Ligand SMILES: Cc1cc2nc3c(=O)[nH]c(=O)nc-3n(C[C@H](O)[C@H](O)[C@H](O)COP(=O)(O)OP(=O)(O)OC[C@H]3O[C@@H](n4cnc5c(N)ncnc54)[C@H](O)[C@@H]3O)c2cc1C
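For reference, the chain that follows is the form predicted alone, supplied as structure tokens.
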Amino acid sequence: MGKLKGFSEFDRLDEKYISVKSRIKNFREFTVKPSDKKIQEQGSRCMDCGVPFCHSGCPLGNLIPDFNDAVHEGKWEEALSILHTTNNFPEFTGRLCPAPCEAACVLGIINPPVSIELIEKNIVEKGFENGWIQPNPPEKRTGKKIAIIGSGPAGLAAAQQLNFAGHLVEVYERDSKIGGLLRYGIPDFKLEKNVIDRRIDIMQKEGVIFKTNIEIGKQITIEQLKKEFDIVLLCTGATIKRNLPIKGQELSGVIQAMDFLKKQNLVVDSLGTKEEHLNAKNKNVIVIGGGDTGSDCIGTSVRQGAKSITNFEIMPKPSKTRTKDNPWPYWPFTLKSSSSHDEGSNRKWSIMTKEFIGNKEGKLTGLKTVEVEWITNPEGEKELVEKQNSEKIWDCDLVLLALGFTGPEDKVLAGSDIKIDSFNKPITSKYMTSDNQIFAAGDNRRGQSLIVWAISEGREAAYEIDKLLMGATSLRTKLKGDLVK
């Protein structure tokens, strides 16, 4: 695999960006493509490990050493075939995945890990550039019909897999365009929407039917779908936003991150208009939440022309390197700075918001915080404690709540007797709910998670559905071999 001692000959290559000054003028992607030679050198850094932990680090089980070696050898089309074996949409994961595979890379014990995500992205982009990625409709149809509710990564992965198996698949989306969170929750500077459109075009030519502007539970009930389809698969995501239930939460200017991001995505797509209360221009912005969504809010606020941007995180500032209780190959809880952080934000750690402050007109003017620390109580559990005399008032015109999601909405299952858990998620066995005609996958089933988990869940659910309908299945998952063609 790779080049003998290539890992010691070549340094890790991270994706390069155009300058901050240039990229914040618009919402386009701003990465700089490395030369093929540089990517091949990165492929040669793969160590031919006895046990490739990157396999277990990746929820999709991507065959990483195999496509790394193919890239090293300049066999790009073969690398693409290997990559598509386990991953339906490497153009999405190559841009959006936090790369748990790299955290598990054996080389990472002693040196920077292999640039797996960079290699993955450039493999699939070369595939599109050279016309290697073409529609692949099934040779015959089974006569079985499947409805998929939700067109995010889980729904799309399941749709493509089930279509490969020969079933007639219809995907229902309540918004006006396909993509779910990919389209409306991810800023264009991370994922331009033509990247989604080109894949949707391929899937349509393969025979998948997409129906937009239809909300299940509103225009159509799930019981109606059950009468028309053999199986209904829930891939609606976990879209109930977590609130911050403190004084002043009702003030104008306290905005959910996803409402803010979706509005800007609609503007970029010429489907919406700028609204003052959802725009950061000339405002002092505070983003509460230190994850990817918070980072996306920062990058979006910068491009909208915010006066200032501050990012609050309730957790303490992570270490720059692994700690003793966070060894390889576990996910590293280390300090991570995104491209958006580098564009201009003031990050504050170990801080908790106590109150939103407003004027007589009900408009946000500031917020009150305290510093916090995490201590270990006598029971050995971590406990949050406020520091005395640490209260502070911050001037603020716009607060963006990037606090994650608690579970799926209940509209879709209205009127059904499907068993759910305390977070409103369907209780499943092999992706089947308590109704043997209804399956669930993705964030809808497992809760808020990563894009690679969503794709993996969609593939696994498709496997179980095909097996139920046909008695056996030629579809494969990460544990069972290759993607059927």
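All of these numbers come straight from a predicted model, not from anything done at the bench. Start at 1 and count along the sequence shown; that's the residue number.
The form predicted together with this ligand exists for this protein as well; it is not shown, and the discussion that follows is about that form.
No residue of the trio Gly61, Pro90 and Lys205 has any heavy atom within 4.5 Å of this ligand in the predicted bound form.
A heavy atom within 4.5 Å of this ligand in the predicted bound form is found for exactly one of Leu261, Leu364, Ala147, Leu401: Leu261. Interface residue among Ala414, Ile214, Ile375, Leu335 relative to this ligand in the predicted bound form, by the heavy atom within 4.5 Å criterion: Ile214. Residues of just one listed stretch (197 to 205, 162 to 170, 149 to 157, 317 to 325) have heavy atoms within 4.5 Å of this ligand in the predicted bound form: 149 to 157.
The shortest heavy atom separation between Leu96 and this ligand in the predicted bound form is within 4.5 Å. Although the partner is absent from this view, Thr31 stays clear of this ligand in the predicted bound form, with no non-hydrogen atom inside 4.5 angstroms. Contact annotation: Gly127 falls outside 4.5 Å of this ligand in the predicted bound form, judged by heavy atom distances. Taking non-hydrogen atoms only, Cys235 approaches this ligand to within 4.5 angstroms in the predicted bound form.
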